[in-house]
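Only one chain is given next, in structure tokens, and it is the form predicted on its own.
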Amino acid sequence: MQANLPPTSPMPALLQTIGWWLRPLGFMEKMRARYGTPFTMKLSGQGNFVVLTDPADIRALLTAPPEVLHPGEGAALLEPVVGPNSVILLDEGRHMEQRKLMLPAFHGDRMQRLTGLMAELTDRELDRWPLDQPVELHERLQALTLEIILRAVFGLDEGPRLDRLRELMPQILTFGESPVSLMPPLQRLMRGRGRFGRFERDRAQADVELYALIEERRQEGAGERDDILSMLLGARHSDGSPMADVEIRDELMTALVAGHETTASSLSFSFEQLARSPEVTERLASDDDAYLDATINEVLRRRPVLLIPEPRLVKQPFEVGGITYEPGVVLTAGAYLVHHDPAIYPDPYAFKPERFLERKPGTYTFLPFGGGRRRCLGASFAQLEMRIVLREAARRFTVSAAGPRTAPARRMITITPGDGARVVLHARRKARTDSGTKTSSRPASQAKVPSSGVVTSPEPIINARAASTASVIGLTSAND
């Protein structure tokens, strides 16, 4: 065991793992409050995780030579889903080559060409949302982001294959809902048995469909399609060879893991925040693009769904913040803690999109997509989805809370609204005065809030089972 790690809790690794799993926000905030930063988390089956929050330390982390820190090995728990060729599991030269193959698919004109499809799928989904009654949006947004990925990334057309993958993909992703399934040593022991066995069977069925799709598209040859699969089929390695079928399969699954649950959760948190900030919703309805982007940035700051993006496994001695870390330690940026540091973001628990009208997100202080050479390739894709969904929703609805705010819950490696983003949607009424000027569209039943339209204090938490368990080990926090 390394002697010069930052401080950690005296609790054994198992109890720390339980706290990290059941109440990740409260766990991290209590660790920071008690031990300062950086601090060390001891996680069963995964070793020592050192959480960094100083922007200078994060800069050193994100710009370290690729042979010194291995983010790919730090994300090994995802291999059963994404496969060994995934860009997020590769390191050094192999990572850079695969990243170059993937990069054109998620930038520039290709993203803009997918806008129409995303808007069409969004309209279809929002048409089904009920009005004037409590509705949990998270599951509906999961369905929407899955549909967008299957259509825009996988390039699937309507038909039996799309129907089968609609059913299989969510089942595959549920394997990570248990903390046991996210521990690589236990993954190996569980092969063929229980929950993991069911996951393996679902994955095999999905692979049959994916490989058949890839073969069909290869036979079709170059076409006019704008989906990501088409780009991957045309990509070439540095030696001129095409991507192998297994490489394409792994990158398609990577796009699913990186862009399905994460975007659905970010959108869910958007509605959770808008339900308590009606003035923000009103301003979004005015089609102010700058304010829409600022609101998205504030959602991603306030509720980063990846609390510690892209942990990096130390491969060679690495010094940061006056401590030299030996191989085997995992270093990670504490995105949630950075985003809630009052020295960086004044009044950090308030929801204030205006803060991003005043300044742009900082490279080492705004981390919803990680950073450095490993920054999420799909960041522009996810932000485009959020723009389309939130713009259309603001045009159609006002949003009010359906009950008390709840603590976020964990789903695989992400966090989601604990109540499934339960809100009430109201049809936006565009009444006009005699002079033709629009009046307020807020329903009469919706209570007014202060003109700032923001939450000014940490919200209460309603999650009895998790709170009870976490309180036993002393890791609850009012800031969840």
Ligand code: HEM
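All residue numbers refer to positions in the sequence shown, first residue = 1. These numbers were taken from a predicted model, which means no experiment stands behind them.
This protein has a second form, the form predicted together with protoporphyrin IX containing FE (HEM), left out of what is shown; the following refers to that one.
Contact residue in the model of the complex, chosen from R396, R99, R140, R195 - any heavy atom within 4.5 Å of protoporphyrin IX containing FE (HEM)
Filtering the options by heavy-atom distance leaves R99.
Which one, G370, P80, G74, G155, lies within 4.5 Å of protoporphyrin IX containing FE (HEM) in the model of the complex by heavy atoms?
Of G370, P80, G74, G155, the residue with a heavy atom within 4.5 Å of protoporphyrin IX containing FE (HEM) in the model of the complex is G370.
Counting only heavy atoms and a 4.5 Å cutoff, which of 203-211, 285-293, 82-90, 340-348 contacts protoporphyrin IX containing FE (HEM) in the model of the complex?
The contacting stretch here is 82-90.
Would all three of F269, V280 and R355 be in contact with protoporphyrin IX containing FE (HEM) in the model of the complex, where contact means some heavy atom lies within 4.5 Å?
Per the other structure, none of F269, V280 and R355 touch protoporphyrin IX containing FE (HEM).
In the model of the complex, is there a heavy atom of protoporphyrin IX containing FE (HEM) that lies within 4.5 Å of any heavy atom of T262, even though the partner is absent here?
Judged by the heavy-atom cut-off of 4.5 Å, T262 is in contact with protoporphyrin IX containing FE (HEM) in the model of the complex.
I'd like to check something about Q273: if you look in the model of the complex, is any of its heavy atoms closer than or equal to 4.5 Å to a heavy atom of protoporphyrin IX containing FE (HEM)?
Q273: no contact with protoporphyrin IX containing FE (HEM) in the model of the complex.
Determine whether any heavy atom of T406 comes within 4.5 Å of a heavy atom of protoporphyrin IX containing FE (HEM) in the model of the complex, and answer yes or no.
Contact check for T406: no, nothing within 4.5 Å of protoporphyrin IX containing FE (HEM) in the model of the complex.
Classify V305 as contacting or not contacting protoporphyrin IX containing FE (HEM) in the model of the complex by the rule of any non-hydrogen atom within 4.5 angstroms, answering yes or no.
Yes, V305 lies within 4.5 Å of protoporphyrin IX containing FE (HEM) in the model of the complex.
Since the partner is left out here, which residues of 364-384 would have a heavy atom within 4.5 Å of protoporphyrin IX containing FE (HEM) in the model of the complex?
Residues within 4.5 Å: P368, F369, G370, G371, R373, R374, R375, C376, L377, G378, F381, A382.
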